[in-house]
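Only one chain is shown below, in structure tokens, and it's the form predicted on its own.
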């Protein structure tokens, strides 16, 4: 068993070690490729649970830290977790074996490459959540793009190349802007280390001019907003989800979209608090538009997988709104909603994928009355829909309720408009379920469809259990988030105070400097006379 001092390194790179094992297997040995990938992902999840045992809930500091020189003395391998990143790491290690199980039979070509891509992307996503060095963060951030690009482009559906290229172009554009901002920040602070930069900002040793801070905030935020699919930057998501294999959609919706909201919390708020406050009303409006727009577009979809994709646009709008309400309760709700969305929407994609494996279509009109031949699968699917539409006491209710309560404390209108999204989610999810599962079987092929297999029942039962646990035992999560959430808001306040003190000091020094001598009126008139 790894010691706590190296626990994060073990968790981060254990999937890569299993990739090395897979490389020694023959590409035709599909049975052992699947078994080793599943065993490695389950071992990874078991090791990640050790974080809960040693995590101090009352501490706002980063825990399980490791800090070593990597590239000279400039770039460090610095990792750690706090109450914000802890459960995102656990979400990643939980969903990866689920994604492997759901691909057990559906992936039949280049099986070895597919499972290698899944394990590589697991390492990359965990690396994003634990990195405390900006350069290291950027390396892992970019590493998440490559395996997902290949998962969509090689194992996707008919328009997979178009969707993969669109995905990579959107996300790479944001990454370039973020890299420029990271380099500019290093030039200003002299370090890539996040904790050192925060210390310099809080002490007033590094101060941004208002316009510079706004540009820096914009560069970071745009990269994260593209990943989060904030309106109107969401057009790549439905195509990526529709064309991706089921496992790709589970990982994309369950974890990868959270990289954006995590980045906003980790970098945009504590590093650029003045710009965050200045831009909050504008961002909140975009988030509310996304909530309503995603719900309305989902309502009119004829493609079941595309419908589920648009639910992410709507639900993640709640997350962004909760973050920019700048309330402890709303930010806790935003973090909880990230976890809840990962479970519920991931489970929705699993259900849609199981239907696709039987009928090879996502068209809603091709279904109807499936509760008769498939009672078990459709019962689980209904339960997951109720979770996604935030029915109490399931997991979706906790996050949305905390976001709305925290937002309403300071911004009544924001919360009122956002609440309409909760109503609309009930409309599109229940109507979709009605068209798919209820009524008479309208397509002859559907009468003989097999119900959920033993493997599929294990997958669905696992997701249902996670939904129930998160809905009932929410204090287990929120208690460990509270200290870190408060720390983010306190960091914002300290940086703002330091910036204001520096501005006042600069103004006072300017007032004490002697004014340059002014020419007398006689000299001025004489100069004017000699001018032609």
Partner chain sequence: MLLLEHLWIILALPLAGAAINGLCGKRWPKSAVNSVAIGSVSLAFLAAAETVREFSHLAAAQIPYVKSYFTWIVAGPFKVDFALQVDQLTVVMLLTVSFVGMLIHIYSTGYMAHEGGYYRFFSYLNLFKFFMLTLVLAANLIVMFVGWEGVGLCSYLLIGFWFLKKSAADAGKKAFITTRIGDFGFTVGVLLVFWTFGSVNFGDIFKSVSGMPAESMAQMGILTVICLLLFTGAVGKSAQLPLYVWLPDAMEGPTPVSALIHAATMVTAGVYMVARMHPLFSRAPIAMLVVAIVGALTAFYSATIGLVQTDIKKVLAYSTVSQLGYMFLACGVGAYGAGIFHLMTHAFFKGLLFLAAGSVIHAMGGEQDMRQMGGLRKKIPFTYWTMFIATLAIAGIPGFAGFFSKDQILEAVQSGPHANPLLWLLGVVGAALTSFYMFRLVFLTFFGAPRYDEHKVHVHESPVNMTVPLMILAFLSIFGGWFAAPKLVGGVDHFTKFLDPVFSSYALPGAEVAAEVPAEAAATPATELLHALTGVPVIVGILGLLLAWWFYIKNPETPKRLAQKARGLHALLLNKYYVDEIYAALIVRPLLWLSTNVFWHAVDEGVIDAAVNGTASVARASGGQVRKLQSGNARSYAAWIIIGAVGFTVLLLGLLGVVR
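This is a predicted model, so every value here is computed, not measured. Residue numbers count along the first chain shown, from 1.
This next part talks about the form predicted together with the partner chain, which is not shown.
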*Partner-facing stretch of 128-136, 249-257, 277-285, 414-422, counted where any non-hydrogen atom is within 4.5 angstroms of the partner chain in the predicted complex*: 414-422
*Using a 4.5 Å heavy atom cut-off, state whether residue 471 contacts the partner chain in the predicted complex.*
yes
*Although the partner chain is absent from this view, report whether residue 332 comes within 4.5 Å of it in the predicted complex, heavy atoms only.*
yes
*Tell me, yes or no, whether residue 326 is in contact with the partner chain in the predicted complex, where a contact means a heavy atom of each within 4.5 Å.*
no
_Check residue 389 for me: does it contact the partner chain in the predicted complex (non-hydrogen atoms, 4.5 angstroms)?_
yes
*One residue of 262, 192, 310, 367 in contact with the partner chain, assessed in the predicted complex (non-hydrogen atom, 4.5 angstroms)*: 310
*Just give me the single entry in 149, 104, 170, 356 that has a non-hydrogen atom within 4.5 angstroms of the partner chain in the predicted complex.*
170
*Would 55, 68 and 114 all count as contacting the partner chain in the predicted complex, using a 4.5 Å heavy atom cut-off?*
no
*Those residues of 266-301 which, in the predicted complex, come within 4.5 Å of the partner chain by heavy atom*: 293, 296, 297, 299, 300, 301
